[in-house]
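Before any questions on how it binds or moves, here is one chain, the form predicted alone, in structure tokens.
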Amino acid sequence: MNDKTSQPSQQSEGLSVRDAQTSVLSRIAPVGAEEIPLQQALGRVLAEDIRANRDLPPYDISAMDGYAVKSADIVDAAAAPKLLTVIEDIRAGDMPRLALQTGQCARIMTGAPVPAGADTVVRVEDTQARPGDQVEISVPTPAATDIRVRGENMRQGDVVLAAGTEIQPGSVGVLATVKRAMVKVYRKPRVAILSSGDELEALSDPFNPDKIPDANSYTLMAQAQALGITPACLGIARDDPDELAGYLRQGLEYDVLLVSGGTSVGVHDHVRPTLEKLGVSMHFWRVRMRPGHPVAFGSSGRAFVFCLPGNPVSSMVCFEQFVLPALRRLCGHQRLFRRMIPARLTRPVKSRAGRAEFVRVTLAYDLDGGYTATPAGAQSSGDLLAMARADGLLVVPAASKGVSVGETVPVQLLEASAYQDEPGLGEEV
């Protein structure tokens, strides 16, 4: 970063991004638990510890197709090949019938139990079958080779998946292994979305060139759906306090209400005063960021309210910084934030000091290693095309006046599957 200045924060400018995130997350906890069938558990978060109901494997088993032998019988096999007598075949699912004596072995398949008396497995590739149930072994194999011991994967009573684990395909396999047909997971929050403003045209309205299409309801809907949450779209509230109050009352019945538009301080911006009349306590109303300065957060009873700017990019960026981590915490996740990666800037980025800036960028992998970041077109807060093209958000600290070509910058990925433990925005944001 270059040309940094140090400016005192003014109360009217609002909180820093990091302080606003802290304000949100300090008030939010998972919304409760429910039991669901294992077939529906993918992507959910465990609300209980899962313990093993058996040792696995339940006995020592072979990790290879080959022969179960006494290692002492073949210790000198490299100098003088050893001829052993095969006394039985053991397949996966069989139980051995005989114990090995000196000079004996058992033909064994992968996953089959190791017979008593055997302490190692010789791979079939290292043997030669001989007439009369004989096998010749010329490779000495130390004890415990290619044997998976009892309880190697899990032991009865051990916690195999801890509460807070996001259930991935491997986790589903573990749950099936311990016979959990029903799984206790954190409940998904109920989310409502409301757009506000006389200027908006609903998707179902007749085309009107003097209106602005309501894109925000649908971008916010999609951002929530990408987290596995199906929100309710309440529609468009006009700039009338009574009509707005009716919609807001409906939205406050949900766990989370996202209100888009009407969050500024103009005479026709009724969201804040109407929320306060409905008993919503506002915890902040402005954040030192661009785009998204007039973002707000409040709560009432068990409902949390995010007031997002009307400009569509501002609304989406604020969702990424505040709503997304809040929804993931409500779902019980431990990793709340998008992953950050370093990338080298290919074009200069100018910025006005005083607010952290989130620049839409595309990413490319550099053959020399690492990624490069290129601004994705116009950075207007109303230009959804740049957001649609972007792979991530380049983070410019509030004290910076810009970034030069070639500098390494932090980029917040816009991927549905990439998260990390901490925001990673830096202490200056």
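Note that this is a predicted model, so its numbers are computed, not measured. One-based numbering along the sequence shown.
Missing here is the form predicted in complex with ligand AMP; even so, the following discussion is about that form.
Proximity to ligand AMP in the predicted bound form, taken as heavy atoms within 4.5 Å, picks out 191 to 199 from the listed stretches 191 to 199, 77 to 85, 240 to 248, 226 to 234. The closest heavy atom approach of residue 214 to ligand AMP in the predicted bound form falls within 4.5 Å.
Interface residue remark: residue 321 is not counted as part of the site for ligand AMP in the predicted bound form, having no heavy atom within 4.5 Å. In the predicted bound form, ligand AMP sits within 4.5 Å of a heavy atom of residue 310. When ligand AMP is considered in the predicted bound form, residue 291 lies well away from it, no heavy atom lying within 4.5 Å.
Note on contacts: among 113, 262, 332, 298, the single residue with a heavy atom within 4.5 Å of ligand AMP in the predicted bound form is 262. For the options 255, 269, 146, 166, the one in contact with ligand AMP in the predicted bound form, meaning a heavy atom within 4.5 Å, is 269.
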